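In the structure tokens that follow, the same protein chain appears in two forms, which are kept apart as structure 1 and structure 2.
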Structure 1
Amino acid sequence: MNMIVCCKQVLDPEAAPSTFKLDAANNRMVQPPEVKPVINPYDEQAVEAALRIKDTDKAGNKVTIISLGNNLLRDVVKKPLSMGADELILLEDPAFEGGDSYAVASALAAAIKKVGPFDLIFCGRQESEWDDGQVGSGLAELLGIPSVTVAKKVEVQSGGTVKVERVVADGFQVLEVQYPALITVSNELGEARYATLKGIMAASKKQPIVWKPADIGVDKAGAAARKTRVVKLFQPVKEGKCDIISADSPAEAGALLAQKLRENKVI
């Protein structure tokens, strides 16, 4: 089985909010150089979903990682290789910068067509930067294949199908889909495996395949291929106010508190 996982290098979502700086001119957030980017956590779980299938037949199953961006840090984007993936393809060029969900999905679709026949594509349910969750579904639409979103469990069945448990508001659904298909993976899948020392050493020896827009037959990429425009990006300001209630006894304090809550229409 040939599986493809789309992974993105993102600003570290665990970094303190104070480390982020707003580039108002370009409508983007910037982290200082000392804060290292990471693989989107949801994408790591997508890698884990593919590797669990690979574990059932290591010789017959292959996992290919595709990452898109510019100036990608090799020790970051190689993490899926150290986890057990087989191949890394980088769509890396300044032209890929500034794209929206449509531009990213279009470039990924072109790259996947160049990769050749596949059975399953895995994506994270959303990215930690924008939280839009659109690339996976858009990619499936561009490739003309079925998609199942927010999966918590994926199992390959006989007869060319996969059984997927997907998260819904009050539980989960069990679906069966014919492959080729695309599946977006949710955090309910469970923690992604740690990279082993052996895996890290093996990954350091593997060189990624790097493709430019021309290599995948894309005339417009990144900002030039956008279908949407960011009107304004800003950091919300949170303000809090605290009133101290003074009283001579707990009973009086309780009465004053109740009065204050009624005035503010809390009760």
Structure 2
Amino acid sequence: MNMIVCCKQVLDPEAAPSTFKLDAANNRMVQPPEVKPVINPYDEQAVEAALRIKDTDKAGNKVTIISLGNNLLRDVVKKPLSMGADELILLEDPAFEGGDSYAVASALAAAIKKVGPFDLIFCGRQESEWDDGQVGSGLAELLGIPSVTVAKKVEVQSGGTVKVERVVADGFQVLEVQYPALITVSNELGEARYATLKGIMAASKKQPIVWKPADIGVDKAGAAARKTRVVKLFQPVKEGKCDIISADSPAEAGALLAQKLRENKVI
């Protein structure tokens, strides 16, 4: 199986909410330099989904990672290589900055056409900055291939199909999809593997391929290729009016809490 995984470098979503600062001039959020960016966690799970398939037949399987952005930190974007992916392509240029899902998916589609034939594309269900969740489905539409979103299990079957378990509100759907296809992956898939020392060593020796918009035949990228516009980005003010109930012991505080809820007609 020839597999492609799209991975995005993002602000660390697990960092404390207080680390997120508004950069109003550029309509984006920033974090202080000591908070290091990460690969979007759902994208790591997408890498995991591809690697699980690669594990089944190492000889014929290949996993190519594509990341888009500007000033990408090599040790961050190389993480999928250290987990076991084979190749890394960076769409890296100032012109890629400031895009929406449409701009990003259009550039990814152009890059994937340049990469050549593939069987499966994996994406995370959504990235943790804009939380949009459109790039996967949109990319599939642009490439004219079927898509399944929010998968928790993917199995290659004989006869050119994959069996996918897709998470829905009260359980999961089991679908059979013809490939080439695109699958977005959710945390229900299970934890992504850690990079091994051997993997980190191998990754450090690999040089990513870097493509600019002209290399993939894209004349409008990033902010220039947007279909939507941000009118305003803002941080709502939180009032923080928690009534902390204190007593001589935690147990007494617990009982007092029940009383407070009763007085306020909550229970």
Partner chain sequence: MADNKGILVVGEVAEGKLLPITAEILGAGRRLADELKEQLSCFLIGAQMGDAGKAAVAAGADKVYVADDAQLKDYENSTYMQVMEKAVAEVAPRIIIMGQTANGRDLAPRLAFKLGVSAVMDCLELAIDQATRLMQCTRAVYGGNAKAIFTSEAVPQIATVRTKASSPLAPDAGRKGDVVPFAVALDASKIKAKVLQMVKEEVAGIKIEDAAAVVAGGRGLGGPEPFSKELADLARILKGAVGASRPPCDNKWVPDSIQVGLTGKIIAPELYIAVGISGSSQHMSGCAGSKCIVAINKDPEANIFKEARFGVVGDWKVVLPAFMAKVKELLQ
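Keep in mind it's a predicted model, so treat the numbers as computed, not measured. Please note that residue numbering is based on structure 1, beginning with 1 at the start of its sequence. We call the rigid core whatever largest set of C-alpha positions still superposes within 1.5 Å between the two forms.
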With both forms of the chain shown on their own, indicate which is the form predicted alone.
-> 1
Since one rigid part pivots against the other between structures 1 and 2, find the hinge residue among 24, 34, 240, 71.
-> 240
Whole-degree angle by which the smaller rigid part turns once the larger is superposed between structures 1 and 2 | 44
Value in Å for the CA shift of residue 261 between structures 1 and 2, taken after the core is superposed = 7.5
Look at the Cα of residue 248 between structures 1 and 2 with the rigid core superposed and state its shift in Å.
-> 17.0
